[in-house]
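Have a look below at one chain only, the form predicted alone, in structure tokens format.
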């Protein structure tokens, strides 16, 4: 039976460190959270952000816009927050309504206030290993590996999925010349040939493809580490809805060394890291610059037993 890499203790460690930072520096972090439309899944995530903010001592200003909001109106909303010195961070809840150019909206966010790394400048910094905000889901994957003391240096990491919000930035972050990275990375996608030949060589396999239970036992090798970034709504024969990841948990858990559950895995860590980016932006506004190395040092200790893939 694989070790279960649950997200709750990872998120708790992040939040504890953030509370200490906020108190020690007398911070009053303030976020503008923009939601357009009333997508049920988005609504749940938005309320989770607001709730977590209150517990951490961060103010979350929720701006709910109608589903028929124009692109110009949304851009005006972003620009107003860019110019407001009391707003330290801007979060755009996805998905946006049809007809809105996601890339245009992301590019309009002040890079210093970009909480989910949507601005191209911040995405470019990932390639250059330059300081800046990091996308929350890829960072959640790295933090989970860090928390459970799973070594990455020199390991072969295979990512299934090449999206601009997970697969591509995560691949570049894993290539960083840092102790918590330095991996050999392969990125697979829908056009990859001989997929099993690639995935079966992975010491660490990260699934971010958006297909329910896509990764079966025959795609992994013995004693690999599995990180499941996907969350998919499925309906059974009785009409009951539940959520599953991109990895077939039941078929893979006996073959893997360690595995993240869905729900309760990577997604549980993501929201806490949104506030890490907010605190980082708030500190930067006061002239205190901290990078990811500083934060990882504050958040994680070295007392946990190493899991070697």
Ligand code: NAD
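All values reported here derive from a predicted model rather than from experimental measurement. Positions refer to the first chain, counted from 1.
The form predicted together with the ligand is left out here; the points below concern that form.
Which residue, 124, 97, 131, 210, has a heavy atom that falls within 4.5 Å of the ligand in the predicted bound form?
Spelling it out, the residue with a heavy atom inside the cut-off is 210.
Which single stretch, out of 67-75, 177-185, 83-91, 158-166, brings residue heavy atoms within 4.5 Å of the ligand in the predicted bound form?
One stretch meets the cut-off, namely 158-166.
Even though the partner isn't displayed, in the predicted bound form is residue 104 close enough to the ligand, meaning a heavy atom within 4.5 Å?
Heavy-atom contact with the ligand at 4.5 Å: absent for residue 104.
Please tell me whether any heavy atom belonging to residue 194 falls inside 4.5 Å of a heavy atom of the ligand, as the geometry stands in the predicted bound form.
Residue-level check for residue 194: no, no contact with the ligand.
I'd like to check something about residue 230: if you look in the predicted bound form, is any of its heavy atoms closer than or equal to 4.5 Å to a heavy atom of the ligand?
Residue 230: contacts the ligand in the predicted bound form.
My question is simply whether residue 214 lines the interface with the ligand in the predicted bound form - judged by any non-hydrogen atom within 4.5 Å.
Yes, residue 214 sits close enough to the ligand in the predicted bound form that at least one of its heavy atoms falls within 4.5 Å.
Contact check in the predicted bound form: 190, 267 and 270 versus the ligand, with a cutoff of 4.5 Å between any heavy atoms. Do all three pass?
Looking in the predicted bound form, the three residues 190, 267 and 270 all sit within 4.5 Å of the ligand (heavy atoms).
Even though the chain is shown alone, can you say which residues of 137-154 have a heavy atom within 4.5 Å of the ligand in the predicted bound form?
Sequence-ordered list has one entry, 137.
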